[in-house]
Ligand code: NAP
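Have a look below at one chain only, the form predicted on its own, in structure tokens format.
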Amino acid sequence: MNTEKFFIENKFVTSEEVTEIKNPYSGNTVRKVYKSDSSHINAALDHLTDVFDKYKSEPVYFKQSLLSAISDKISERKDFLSELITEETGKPVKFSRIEVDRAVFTFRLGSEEAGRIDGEFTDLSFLKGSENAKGIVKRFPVGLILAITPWNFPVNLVAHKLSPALASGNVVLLKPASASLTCGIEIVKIINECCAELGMNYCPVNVITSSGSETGKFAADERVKMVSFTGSSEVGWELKKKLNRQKISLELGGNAGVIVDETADLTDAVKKIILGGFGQAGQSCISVQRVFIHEKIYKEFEKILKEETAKIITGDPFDEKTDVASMITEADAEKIEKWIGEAVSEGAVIITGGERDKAVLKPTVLANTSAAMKVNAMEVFAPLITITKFSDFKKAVGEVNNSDFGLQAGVFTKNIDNAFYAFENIETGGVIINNVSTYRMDAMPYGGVKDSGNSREGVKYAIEEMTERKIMVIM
């Protein structure tokens, strides 16, 4: 097994320390990676600071060509990257393929949006003395961005950092999650190859493999102009406290709520809720976690949900039939098993599931829960949903809002008034009508409120975060 190198100062580098990545389903070591240290991070920051002066001046068509080439090369390596995602994270391979397709699209969006970073012309003759004043506003890249990405979408969430950053003329120091380092390294390999093929003697992205805590020490470094972080709420908000002048984009956790009113198509709702709650073992910050069902349809909904959940196939992530494989670690599965036990001891009822085999937690549905139970109040990040009946739609919206999080929510309804009431009153960054909270199309603005974050991704919207407006006034 070869040991993967990290990439700084335009070259792939080894180190004295090696870290192992284990497949969470089998427990086998699948990759070995050289681990970077503080000296490597420091060297990368110096190098990228110099590179920024070059890359920000590249013409738009050149940035478009680079991003298109990256998109094409990822598409060409779809099978390899899909298997790599499954090796490192245990994600069922059929979902890994979908992720790679999304990354292809995300970089393609960057190529398109690079040509849409426009400015504005404004007349400033509003006050006496400014009769001839005109303003030209243009957006400029912020500079060196430290991008910290999670393991659950180790290719597409890397793309969501790199695509808008490169489209807008920034340079990036990438820190992939420790559980999926090789996925991040492979994307940077592709970017470096594309740069070379376009005649560039430098690459605007470096990738390090240090621990999160070691990398975090450099977040407030004056060479870093922005931190873009996707991960847990606890880590994200602590990171923000360390910063002085840097911009920071936080995409954090959630415990998403979904409402199913009495007008909903039950078959459609159950199908989507099962995929949204159990797909990828529920390890997405917008996975369905709390489901609120109108009392008129509750019994039928519960019956269908139990029947369909029983059909879910768990097992080897490389098996094409597998719907749910392991969680990222056995410790995470044990934690949720404990939370389920606590909920049951407080009166909750297991409708189906609840069993654990090492890191594999069987898809679980709980009823008769309370808002204070950990399975509702916390982010489970597991194949577990709770179901609760309601009689008043507005009160159901209130229950969705009874959370420290506010990322996305879903509402199944044929009642247009309910749809707009939900849109106006649910405290989240997105409300998905007739689909689950888990829906994300990579071009849309994506992000949350409350403990779920402070910014928006989606390539166009991330570009806005990664640029600063400057005005030139002509008198």
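Because the structure is a prediction, the values reported are computed rather than measured. Residue numbers run from 1 along the displayed sequence.
This protein has a second form, the form predicted together with this ligand, left out of what is shown; the following refers to that one.
Name the residue from Gly169, Gly257, Gly253, Gly90 that puts a heavy atom within 4.5 Å of this ligand in the predicted bound form. Answer to the contact question: Gly253.
Listed residue (Lys242, Arg77, Lys306, Lys138) with a non-hydrogen atom within 4.5 angstroms of this ligand in the predicted bound form: Partner contact (heavy atom, 4.5 Å) among the options: Lys242.
Decide whether Ser125 counts as a contact residue for this ligand in the predicted bound form under a heavy atom distance cut-off of 4.5 Å. Result no; Ser125 lies far from this ligand in the predicted bound form.
Applying a 4.5 Å heavy atom distance criterion, does Thr263 contact this ligand in the predicted bound form? No.
How about Ala359: is it within 4.5 Å of this ligand in the predicted bound form, going by heavy atoms? Answer no; every heavy atom of Ala359 is more than 4.5 Å from this ligand in the predicted bound form.
How about Gly119 - does it come within 4.5 Å of this ligand in the predicted bound form, if we only consider non-hydrogen atoms? Residue-level check for Gly119: no, no contact with this ligand.
Hey, of 391 to 399, 364 to 372, 144 to 152, 297 to 305, which bit sits against this ligand in the predicted bound form at 4.5 Å between non-hydrogen atoms? Of the options given, it is 144 to 152.
Given a 4.5 Å distance limit between heavy atoms, list every residue of 421 to 435 close to this ligand in the predicted bound form, or none if there are none. The stretch 421 to 435, when checked against this ligand in the predicted bound form, contributes no residue at the 4.5 Å heavy-atom cut-off.
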